[in-house]
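Encoded as structure tokens, the following chain is the form predicted alone, with no partner shown.
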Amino acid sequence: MSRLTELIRQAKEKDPALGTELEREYRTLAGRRAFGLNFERHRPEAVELPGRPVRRGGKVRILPPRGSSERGDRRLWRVTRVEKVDGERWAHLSLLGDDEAIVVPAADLVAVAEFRDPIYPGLVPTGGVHLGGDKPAHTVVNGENFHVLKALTYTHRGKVDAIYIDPPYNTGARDWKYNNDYVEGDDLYRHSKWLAFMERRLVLAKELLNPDNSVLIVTIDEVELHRLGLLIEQTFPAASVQLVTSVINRAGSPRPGRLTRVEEYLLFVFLGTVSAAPWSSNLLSDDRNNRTETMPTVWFSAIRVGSRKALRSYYADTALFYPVLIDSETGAFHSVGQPLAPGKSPVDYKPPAGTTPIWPMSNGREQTWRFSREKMIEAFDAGTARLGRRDPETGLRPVTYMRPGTLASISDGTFVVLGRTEEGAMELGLAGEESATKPAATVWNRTSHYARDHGSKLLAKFLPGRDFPFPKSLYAVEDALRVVAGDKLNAIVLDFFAGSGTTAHAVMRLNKQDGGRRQCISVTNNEVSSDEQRRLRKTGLRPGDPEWEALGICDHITKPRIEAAVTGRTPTGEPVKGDYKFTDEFPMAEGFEENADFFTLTYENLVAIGHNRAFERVAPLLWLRAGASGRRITTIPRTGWDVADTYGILFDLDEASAYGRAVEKGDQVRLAYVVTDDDRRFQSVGRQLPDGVEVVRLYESYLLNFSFTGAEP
């Protein structure tokens, strides 16, 4: 093909844009395989961006008139000029690939981004919930997932331990869009469109996964199972792939003239040296000997949290607010102190000499213990209460206990007491031969995985009156993640088809069971269902209107569900009714000691980025790259530098010495950003910073990461 490449080179000299386009198409054709999965990749996707300002040089579509349910003009236009006439903004448009030109009100346009175009992403904070102290935050990003994945290549390239996704199944039931149009069941190209849609995202997912030790999990049904399997084999040629069959509805979904469907599938893609975590169950059935409980989950925090009744201030007396005393030097259990008198503060308490008090505190608030002083003493004597690992900074140890359900399992023989620790706490194991741990099987048949009972009905408890189609069972996702991240207490989990937020919820459950600090990144758009769209359009609303956006997936379902899970309260402030079941049983109203931050993806101007005028939008990305923990640096400080918990930023290079001292002082600082265009001075600053701290140059590292189209197969 040397002649063809020479013609392309000549074309690039005469018309660079045309030459680049021809070269891209040539590479696509040259990369096709004679055998394996071949499909039409179609033109690159485009996404409408309601709320993004209409700017000169941008691409737009013309919206249908308000009140109309028509599709509107699907052609793409380039904005050549924007002017204001009598207070109204008007845009001059030129049709892409044509000479047609028109002038329309800017209010009747929606900005469009094609996936072949470079983007310069930013994030706008849209709220959050913080009950987890210094734990890293779970993050929810509202945006087109392809572009969010691109943004994450700057913050998490090669860092993700597990990806769990539940993509559209392409059943023909208007469950997904390609280029802003629903893909119908009679679309002759729906399979190749779906493959093109998935391939672009899997290519980016591959960049985010740790190549040496990580797992991708994709759920799917029979419609696209085999095509997806081939696509994964081609995208991850070095991976080991296993298929799991999971029963999600034992009653089944009847198919006219066909077999009744009771299952779906999970493709596990193992990268590098990763291995499945050991289990005490093979998940083949609900048999008692196949329980999912593992011994670390029998110990739970003895501090009450998650409701008003958990606060010390709720009670007239203070019988549930007392200190557990430990030896100040060794950290060993000493005794249980008397309840603190009403009106007295822990700072007023004088512990016995040589001891340190542990109070029922959570995030700086005075909570209560779950039981009285007398019962706490009995629990320590019986070995059903214990002290956890000592905090190296505070010297304190968490107080945990065995719940009544665990004690009942000891009584009925499900658990056996294997012995006691040096401090007298019970050590438990499962009775019988099944106590030996082993990997899960490749067929799962558990009532806990039923989507209706533990997906739809469970979601309704957290968000009464709000509907979401086909949410996954919380416990099914939890079990899938335990297979790949059960032994990784600091795992980073990504779900870029987050939907109702089940994956983040499942990660919180795992953290509560074993004290982990895993964090979940959830990505979803703010799409409104097709039926809801028709209703809203008839009332004169459009995407971007506040009333429309309030009913989108992210704002109406994902963020409220995660907030309700953390706080234990519904969006109206009522305690969530019901209990979690199976591996870890406790009231849903208790919530979780977790942090979560919410963001919306933005598309920034290249010039503004380079001139440091878009820092507030780029700032959350810098925080995410540093671990999403602790304080965020959100503005440019007057001092010319700032150092937060895990990272710092130097804006004024004349303050490099002060910045270096502050970075060295920060025990947890892992990243040091330096804003400069001067390579020599950047190197000089880097030499002043401590070893072990990664030094990143802004905005060079950011711009280089995004100044290419990338991810287009």
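Note that this is a predicted model, so its numbers are computed, not measured. Residue numbers here begin at 1 and follow the sequence given.
Although it is not shown, the form predicted in complex with a small molecule is what the next lines describe.
The candidate spot formed by 472, 527 and 553 lies fully in contact with the small molecule in the predicted complex, as each residue has a heavy atom within 4.5 Å of it.
Partner contact region in the predicted complex: 161-169, out of 603-611, 161-169, 481-489, 326-334, criterion any non-hydrogen atom within 4.5 Å of the small molecule.
When you look in the predicted complex, the only residue of 562, 498, 476, 216 with a non-hydrogen atom within 4.5 Å of the small molecule is 498. This chain is displayed alone, yet in the predicted complex one of 120, 299, 197, 359 has a heavy atom within 4.5 Å of the small molecule; that residue is 197. Using a 4.5 angstroms limit between non-hydrogen atoms, residue 201 touches the small molecule in the predicted complex. In the predicted complex, residue 590 stays away from the small molecule, with no heavy atom inside 4.5 Å. In the predicted complex, none of the heavy atoms of residue 224 sits within 4.5 Å of a heavy atom of the small molecule. Although the partner is absent from this view, residue 143 contacts the small molecule in the predicted complex, with a non-hydrogen atom inside 4.5 angstroms.
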